[in-house]
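Given next, in structure tokens, is a single chain: the form predicted on its own.
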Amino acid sequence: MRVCSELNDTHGPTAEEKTSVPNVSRVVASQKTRKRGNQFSFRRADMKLYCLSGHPTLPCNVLKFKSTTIMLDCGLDTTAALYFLPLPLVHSPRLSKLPGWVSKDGAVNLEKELKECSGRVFVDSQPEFCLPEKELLDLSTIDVILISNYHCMMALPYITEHTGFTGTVYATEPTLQIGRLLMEELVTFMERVPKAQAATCWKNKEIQRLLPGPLKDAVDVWSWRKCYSVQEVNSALSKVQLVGYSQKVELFGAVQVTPLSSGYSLGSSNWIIQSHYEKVSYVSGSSLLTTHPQPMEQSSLKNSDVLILTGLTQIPTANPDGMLGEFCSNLAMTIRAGGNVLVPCYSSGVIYDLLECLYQFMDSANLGSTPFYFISPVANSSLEFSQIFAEWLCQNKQSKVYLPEPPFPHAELIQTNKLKHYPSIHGDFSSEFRQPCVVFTGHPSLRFGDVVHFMELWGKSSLNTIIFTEPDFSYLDALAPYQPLAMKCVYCPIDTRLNFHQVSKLLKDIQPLHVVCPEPYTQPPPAQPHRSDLMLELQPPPMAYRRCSVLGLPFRRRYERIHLLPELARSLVPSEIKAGVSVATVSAVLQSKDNKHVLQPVPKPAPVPPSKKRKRVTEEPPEVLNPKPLLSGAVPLEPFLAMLHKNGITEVKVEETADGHILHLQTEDVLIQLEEDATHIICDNNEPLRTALRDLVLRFLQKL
């Protein structure tokens, strides 16, 4: 079944008959004056994804979707801090006596900027961080920023305060409040130990390539920046608008965004971004394990045209439950031997699960008298927030609130003085501190924060143990400036995010048409090239991105919804072309405002009153012609050949083409092209024959 537009009577040396064939599901309309084939759908510009971060678990992407520009997360890559010397809270004779670096030939002398330690070279300056790419597109054009979890918003002040950003940031309340704590903690760590000098000479390309590794291999060093200020944090977070799970937010009438629980951390979200006909799902930092947050919402991710996948586990071969077991056993072994345990950690997140695990373990291990210390500028606020965000917790912990009981056991640990928290090693901590003990403190990079003091204090004794639980940093690189080190090191990375097996099962259940993911997810880890199970194997293959890449996103549908005013709808006279399918022509004015489209009746020109006075010539409103009838149907080959034969045209050569058939009327020297979406009659200077052939074609078509 085909729906054809009106036939053109074309004259001249070559007369051509053409019938264009739109799809039957479309309705023909016009803007101001009627144009053949205009539809209630518009072809739209391709949707693009701009990738501004090369870190899979600290994403920053920009989606151009319809007429909106949406930033998806703004993670801050703090691994650049590993190239810098630690910032000690208390003067460190060891660090202050490190020799400066001079090239072997003496040509490059950077003694004031670079220091040597245990065969490696470090920058002696305030640590800097690798920002999302700022040159790939104009960041001032971003309309909104969607935040998935508090770890993925740490670059927000760099974006909102230094790019001309005037839009809105959307996040859940726990994400905002805990994200604020992490930012304030980072600022405090930096401001407590100011560095007088800034090291920049080493960043010169000619000098950097002469440096020893890994410093010479550091990328984008000129884009690295020092930490923001408290004022910039407050200004950035003032642009955040709070949203709840499943709350629908309209963006300029063009698209709708909805946060869904991702199951990873308090308030963590995946996002649905959809219009009437397209749906994009953004899955970042999700977990299917039963921990303290609400479980992951999966059903709403179904029927996605494109699923953007980031934030999978960084340790796919490590089982979180197994790591928790190792953490507890190594901790108990150290305490029994009279040593201390240092746990470098963030001030929110996994620490809640570690404290809960230890609460259950310590009494059974007869270690109930061992003190736990949580040291962070925001320790008190973090512990309190975890108790008051009850509606963001899993059902088991929510139910405790109504008993009433605290949802987390660390409240009881605090009440019984088994867990004490302090803003710093100075003040009350120094007088109340007793050993052996367990200390939770930051920063996991071991480059700043109170952890630096404990590394200097406990690093010389083999009785003590440092247990790494955060997977964001290479523990060997983190320990490098403290070597040689006597204390034991245990690596128990706990990452509850989706692994490759879980995400493959998830994608099989929700079945998105296309998957977009970071390039490392499409190939085995470099250290384990034989492990094809540690990569995404999908059909069709996922679209991979890396930092600074721009992807065109594939979509099947390319329509916009248009509303007809009631008076215009009443004037339509549909004609049924097959069971359940009707078509009507309409002459109307298309009004588009705030991404909403309305067809309105064409205004009638106002009558001009007769006057003898001479008037200035004014522009006449466009003349609206009555539409020519449309045609529907098809021109079947065999019946049409029979019709030609019946009318005396017998010598017809038929050639099959990719689009249909070409009929060569040899005696008359005429070509007739029968195609799926058009019919052409081509003849030279024989108008009667052309008209007769046109009438034969019309016998097979139905007028609407």
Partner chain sequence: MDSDCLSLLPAVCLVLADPKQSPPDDTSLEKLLDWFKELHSQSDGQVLLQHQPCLLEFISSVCMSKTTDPAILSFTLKLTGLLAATTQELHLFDEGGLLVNVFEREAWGVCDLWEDASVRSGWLQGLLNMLKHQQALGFICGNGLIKVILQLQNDRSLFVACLANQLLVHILNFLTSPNMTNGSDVVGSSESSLRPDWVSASSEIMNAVVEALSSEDHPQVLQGLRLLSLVLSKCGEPIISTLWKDVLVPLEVLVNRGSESLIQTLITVLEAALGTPLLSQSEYKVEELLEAMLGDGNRKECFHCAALIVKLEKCPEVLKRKATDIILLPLQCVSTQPQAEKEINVVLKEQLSQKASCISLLMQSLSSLAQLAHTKYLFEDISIHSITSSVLLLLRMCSGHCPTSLLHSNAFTHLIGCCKVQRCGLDTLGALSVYEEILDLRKDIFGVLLDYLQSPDSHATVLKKTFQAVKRWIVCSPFPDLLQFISHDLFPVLEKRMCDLRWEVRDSTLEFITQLTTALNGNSGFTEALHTSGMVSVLLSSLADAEGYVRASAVAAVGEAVTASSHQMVLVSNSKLLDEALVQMMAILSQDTEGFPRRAVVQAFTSWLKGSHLITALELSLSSVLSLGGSDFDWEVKMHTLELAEVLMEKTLTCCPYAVQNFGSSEETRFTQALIKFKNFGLFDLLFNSLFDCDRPVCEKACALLVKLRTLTAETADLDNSLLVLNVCGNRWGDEVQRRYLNKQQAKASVSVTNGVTGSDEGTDCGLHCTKDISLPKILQILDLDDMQRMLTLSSDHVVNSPRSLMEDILSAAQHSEENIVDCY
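Positions refer to the first chain, counted from 1. From a predicted model like this one, the values you see are computed outputs, not experimental measurements.
Just so it is clear, the following notes concern the form predicted in complex with the partner chain, a form of the same protein that is not shown.
Enquirer: Are any of the heavy atoms in residue 369 no more than 4.5 Å from a heavy atom of the partner chain in the model of the complex?
Expert: It does not: once the partner chain is placed as it appears in the model of the complex, residue 369 has no heavy atom within 4.5 Å of it.
Enquirer: Can you work out whether residue 333 and the partner chain are in contact in the model of the complex, taking contact to mean some heavy atom pair no more than 4.5 Å apart?
Expert: Answer yes; at least one heavy atom of residue 333 falls within 4.5 Å of the partner chain in the model of the complex.
Enquirer: When the contact criterion is heavy atoms within 4.5 Å, does residue 364 count as touching the partner chain in the model of the complex?
Expert: Residue 364 belongs to the contact set for the partner chain.
Enquirer: Is there a heavy atom of residue 326 no more than 4.5 Å from a heavy atom of the partner chain in the model of the complex?
Expert: Although the partner chain is absent here, residue 326 would touch it in the model of the complex, with heavy atoms inside 4.5 Å.
Enquirer: Any chance 322, 357 and 530 all have a heavy atom within 4.5 Å of the partner chain in the model of the complex?
Expert: Every residue of the candidate spot has a heavy atom within 4.5 Å of the partner chain in the model of the complex.
Enquirer: The chain here is shown without the partner chain. Which stretch in 143-151, 462-470, 314-322, 163-171 comes within 4.5 angstroms of it in the model of the complex, by heavy atom distance?
Expert: Going by heavy atoms within 4.5 Å, the stretch is 314-322.
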